[in-house]
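As a starting point, one isolated chain is supplied in structure tokens, in the form predicted on its own.
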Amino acid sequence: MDDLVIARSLFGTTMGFHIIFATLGVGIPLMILCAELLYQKTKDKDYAIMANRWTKGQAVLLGVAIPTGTIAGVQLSLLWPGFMEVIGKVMSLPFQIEIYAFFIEALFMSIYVYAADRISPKMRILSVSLVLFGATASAVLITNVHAFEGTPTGFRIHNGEIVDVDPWAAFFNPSFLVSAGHVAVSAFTTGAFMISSIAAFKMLKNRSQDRVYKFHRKALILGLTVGGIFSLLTALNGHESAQMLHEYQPEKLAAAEGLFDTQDYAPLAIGGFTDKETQEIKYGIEIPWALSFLAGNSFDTTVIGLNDFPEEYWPPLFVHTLFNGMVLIGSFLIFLAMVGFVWNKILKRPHFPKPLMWAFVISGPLAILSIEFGWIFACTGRQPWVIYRILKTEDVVTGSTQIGLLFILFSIVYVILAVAVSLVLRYYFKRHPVEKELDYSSSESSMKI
């Protein structure tokens, strides 16, 4: 591999690993808040136990998200010095504000973890709300740098110099709101379905233990409810994202759909792969006129094809597969939530069918996979630009030729971290099974009676 590919692979591996913990670090606090609110409303101790146990898991995940995020920041400076020169002069504002967002998250996370049983219900809710606010704000602010890369504003480059810098114009770039919305709702979706996955798996293991089964069933229903709501919002936001691509990055949209020739009434291609030689999607299913409607809310919207751009500006054509994977998983999650709602609320069945339970089990990992597909699509689909139509990725990469070893070493570090997190979570929850907390809660209630 050449140095550019190795640099991209190293940073991509770091972000691909970090984004798992960052996403769950946004999604799980929402679930904790929902459980806390339900507890305060119903006084059902099961929800208090859920909030407490999920908080312990959140603390472990945060312990990995912080160092991997720091590594990503350092790698930005070391691997992409030309890019960071522009960011430092134009787009440093989100990085600066993000420090305060993280401070809020960490401070109130500490309060909730160590003092939840010693503060009032209102303060418990306020603490979790501020953890959620800090985590979401942190994710939105960092993602805004990516939004700026796709729709850069607030500066000009004149004779090789950065001039006319307006940091607030750069901050509120055209895709800021859509990008911020997408990172938030997709993270909430992922956190909810991860809770659903764990709950469904525990239900399958504890079918004979009625008390434990009912506890996890409550967690499953809560996860499916929150996940269903935000998966629908993610789909709506995805529609807005496609319209932003149509307006600001048309070759990225064309690559996502394997569209080579500009046309109105353009079809939407589902599945298959892009064949560059024949300039078509092979083995895919086409929905007539759907791409035009997706791009401009009208079937006669003209969608620009790849052939209208120099081939050197084309993104890698495999982004079609990434885009399809993201959309198909999102659609599957919406379907699962709807089926769960019908089975529980309309049919009012006490037990879910086993095949459906296993579908719930895989929903969380699939949601994380969708996040990975989406992030890779967003960054790879912008290539060959690091800042769209202004700065090419190959022009800002480090001049160092010794990063191959770093790639191997960091990959080993991430494998070790992944194993360590799994072992720590397994060890803690094995030492503190939910049965003990449920028994303690029941005995406490009996003493009060």
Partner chain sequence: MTADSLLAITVLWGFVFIYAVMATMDFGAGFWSMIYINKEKTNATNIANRYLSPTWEVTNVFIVAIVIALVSFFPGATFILGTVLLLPGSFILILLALRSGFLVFSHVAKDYEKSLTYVSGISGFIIPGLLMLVLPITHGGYIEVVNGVHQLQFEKLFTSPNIYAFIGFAITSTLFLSSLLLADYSNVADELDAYKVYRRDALTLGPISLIMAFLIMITLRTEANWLYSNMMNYLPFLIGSVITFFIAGTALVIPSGRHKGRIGRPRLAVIAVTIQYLLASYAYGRAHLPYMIYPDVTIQSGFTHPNTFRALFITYIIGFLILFPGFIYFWRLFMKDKRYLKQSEN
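Residue numbers count along the first chain shown, from 1. Keep in mind that this is a model prediction, so the values were computed, not measured.
Just so you know, the form predicted together with its partner chain exists too; it's not on screen, but the next bit is about it.
Contact with its partner chain, judged by heavy atoms within 4.5 Å in the model of the complex, is confined among 384-392, 22-30, 415-423, 42-50 to 415-423. Under a 4.5 angstroms non-hydrogen atom cutoff, its partner chain in the model of the complex has R118 among its neighbouring residues. Heavy atoms of T55 never reach within 4.5 Å of its partner chain in the model of the complex, leaving it off the interface. Residue contact check for F318: none of its heavy atoms lie within 4.5 Å of its partner chain in the model of the complex. Although the partner is absent here, T380 lies well away from its partner chain in the model of the complex, with no heavy atom inside 4.5 Å.
For the residues V212, I270, A106, V361, the 4.5 Å heavy atom test against its partner chain in the model of the complex is passed only by A106. This chain lacks the partner; the member of G238, P81, G296, G284 within 4.5 angstroms of its partner chain in the model of the complex by a non-hydrogen atom is P81. In the model of the complex, its partner chain lies within 4.5 angstroms of at least one heavy atom of each of the following residues of 397-422: T398, G399, S400, T401, Q402, I403, L406, L409, F410, V413, I416, L417, A420, V421, in sequence order.
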